[in-house]
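Below sits a lone chain in structure tokens, taken as the form predicted on its own.
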């Protein structure tokens, strides 16, 4: 092989995990190529709330957060399908920013750092061959010493590789759909709301400029019984929650049609597959009620960058690279994912949600502890 054509690291997916990892590795002097099937800037189905644990990390990458005049989010409110409301200050808090703005800004930083970015490019397959990876891209073979899967919630590669989370029997953690709008609405700038409805919940929070992100998750059965009409589902199911009824009826929607994704699974996933390190949602999808999927993706990039740099410098073996990454990932995120799944189990069914919110109102110390367990420390 011609060494000029061998990359140190190839990244499959240009979301937060991929972009942040590419920047760190490029700054460490490594030759990095990143593939993204879309073209920047683009919208993604995402809650667009980031906990403050990620602030210093993003600044260290070169993102001028202070100059971006972003909304600071310090309060949480949760409502039951019947309209019972619980409010709680967020101990750490967070900030709002759209993926349209954030990902594009990180892409520009990555380019300045020397990352080779291939937009509008889908990776068809990745094969590990003795000591390197071969990526099949548009009838071309790309060679890299290391490779990471940073492709998000669900990919053609998940299916092609028959990843274990897709082979498990269906459960209540499978087959969700997610819907997102940007809207204009009179709502507190410093509050993130989680409004529950039958078999789902909807998040609302401020992002940049005069916009709010409205993003909800529900099971596919709700859409099916609404004749596969999102509008009908919103009016017949979501709007039974009085708070959501106000939002849905008064919001000025800024998309012609909503962004949607389907077949979302919260099953446990592996952190290393086919010798690729999996980052962010590809490694384990944190439930939206925790509101920290973006922070987890960025933090996993920092963990991966450290281990990959050590491997590429010849200080550890590939086996040690994979084992170390899995251990660090589980140390930082396994508890958060477990707590998120426990909290999620209380939502979806109206009677469970009513009980949960009643308990949280009576015992706010429990609520504060749960919030802390779903937020990490600055990294």
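Positions refer to the first chain, counted from 1. Just so it is clear, the model here is predicted, and its values are computed rather than measured.
Missing here is the form predicted in complex with a small molecule; even so, the following discussion is about that form.
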{"property": "Close approach of residue 27 to the small molecule in the predicted bound form, 4.5 Å, heavy atom", "result": "no"}
{"property": "Contact of residue 142 with the small molecule in the predicted bound form (heavy atom, 4.5 Å)", "result": "no"}
{"property": "4.5 Å heavy atom contact, residue 44 and the small molecule in the predicted bound form", "result": "yes"}
{"property": "Partner contact for residue 16 in the predicted bound form: the small molecule, 4.5 angstroms, heavy atom", "result": "yes"}
{"property": "Sole residue of 123, 73, 193, 244 within 4.5 Å of the small molecule in the predicted bound form, by heavy atom", "result": "123"}
{"property": "Single option in 267, 155, 235, 104 placed near the small molecule in the predicted bound form, where near means a heavy atom within 4.5 Å", "result": "155"}
{"property": "4.5 Å heavy atom contact with the small molecule in the predicted bound form for all of 21, 277 and 299", "result": "no"}
{"property": "Candidate stretches 155-163, 303-311, 223-231, 73-81, one within 4.5 Å of the small molecule in the predicted bound form by heavy atom", "result": "155-163"}
